[in-house]
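Only one chain comes next, encoded as structure tokens, the form predicted alone.
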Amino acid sequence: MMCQTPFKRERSVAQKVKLSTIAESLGISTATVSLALRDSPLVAASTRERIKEQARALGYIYNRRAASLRTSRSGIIGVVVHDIMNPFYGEILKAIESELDRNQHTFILSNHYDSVEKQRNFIETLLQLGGDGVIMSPAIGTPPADVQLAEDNGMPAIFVARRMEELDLPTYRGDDSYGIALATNHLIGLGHRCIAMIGGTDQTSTGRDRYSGYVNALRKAGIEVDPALRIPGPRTKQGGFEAAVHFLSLPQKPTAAVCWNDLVAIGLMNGISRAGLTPGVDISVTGYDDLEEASIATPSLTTVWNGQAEVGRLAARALLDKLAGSSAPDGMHLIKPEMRIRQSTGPHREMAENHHLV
């Protein structure tokens, strides 16, 4: 008989603690406990903290499923992007998480790696889990029907970084065309006329916008656009490093490069250095996004701040407002980029030599 005692004790501990148990232990109403655990401002802050401490002491676990049945909301948000290993998306996600945390929401994350099927499976799973909404950077080739499926089932979608022309949904991103034009004009101002663009793809709205910014800046400066100076594709440091061989072998002998992002730019600079040249002196290089790594690269990278944290914060806020009944404005919401001039860019050698002679 003695051996049965621990089993009984375990069963007693394992019993679920109810809101009424907390309320009775504190001599308050169950409604007050419920409001306090949801951080309602209707309950004084000191009382909320006292109730939470008692709930923890009693081993209370919030039952999200039961709450969703009462409120028709699960408190779960889906976030799906290309690849979280890219620090660009990491900075957006950090801001989304912070905003959701402040509003007692949690999120489920998925990388789609530009697989439409993987993204579709995530959206369907999120619907099955009763997700409240989804923040997404849509995969290349996403059919509008996949996003509309979420919308039609009461799960609003917000876009970040990429847009879909077919859907007029709230979209938060940096003004990529303007931002790349800033970088290109910076190089033109340093006397560079033969400027390559490295990385990206026309399959995404981001790629198309950044290339158009580069082209427009060259044309406004009276510089002929040479398609052979574009090296599409790379989006990583490894890709930038491998592109250095192609870049350095171009017959036009470009003296500068506008890169798709900071990762490509850092990889390119490593490749240029491996070839015995000095970035910022022999060849000027600009990045894009102003990642944390940009300022500590060697040389420190001239780049364009693209407002990733602001993009994430505004996207999460827009979704929360929609769920609260406010009408989040549809259409494009652009963050204005800013130049960050560092050591990886310098004057064209002829300009520098003429300045030295003067």
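Residue numbers here begin at 1 and follow the sequence given. Not measured: the values here are computed from a predicted model.
Keep in mind the form predicted together with another copy of the chain is missing from the figure; the text below concerns it.
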How about residue 42 - does it come within 4.5 Å of another copy of the chain in the predicted bound form, if we only consider non-hydrogen atoms?
yes
Would residue 35 sit within 4.5 Å of another copy of the chain in the predicted bound form, counting heavy atoms only?
yes
Would you please decide whether residue 255 lies within 4.5 angstroms of another copy of the chain in the predicted bound form, comparing each non-hydrogen atom pair?
no
Taking another copy of the chain as it sits in the predicted bound form, is residue 292 in contact with it (heavy atom to heavy atom, 4.5 Å or less)?
yes
Heavy atom of each of 46, 318 and 332 within 4.5 Å of another copy of the chain in the predicted bound form:
no
Name the single residue among 248, 215, 164, 76 that comes within 4.5 Å of another copy of the chain in the predicted bound form, judging by heavy atoms.
76
Of 185, 111, 142, 205, the one that lies within 4.5 Å of another copy of the chain in the predicted bound form (heavy atoms):
111
Counting only non-hydrogen atoms, choose the one of 303-311, 318-326, 22-30, 49-57 that falls within 4.5 Å of another copy of the chain in the predicted bound form.
22-30
Residue by residue through 269-297, tell me which have a non-hydrogen atom within 4.5 angstroms of another copy of the chain in the predicted bound form.
270, 273, 274, 292, 293, 295, 296, 297
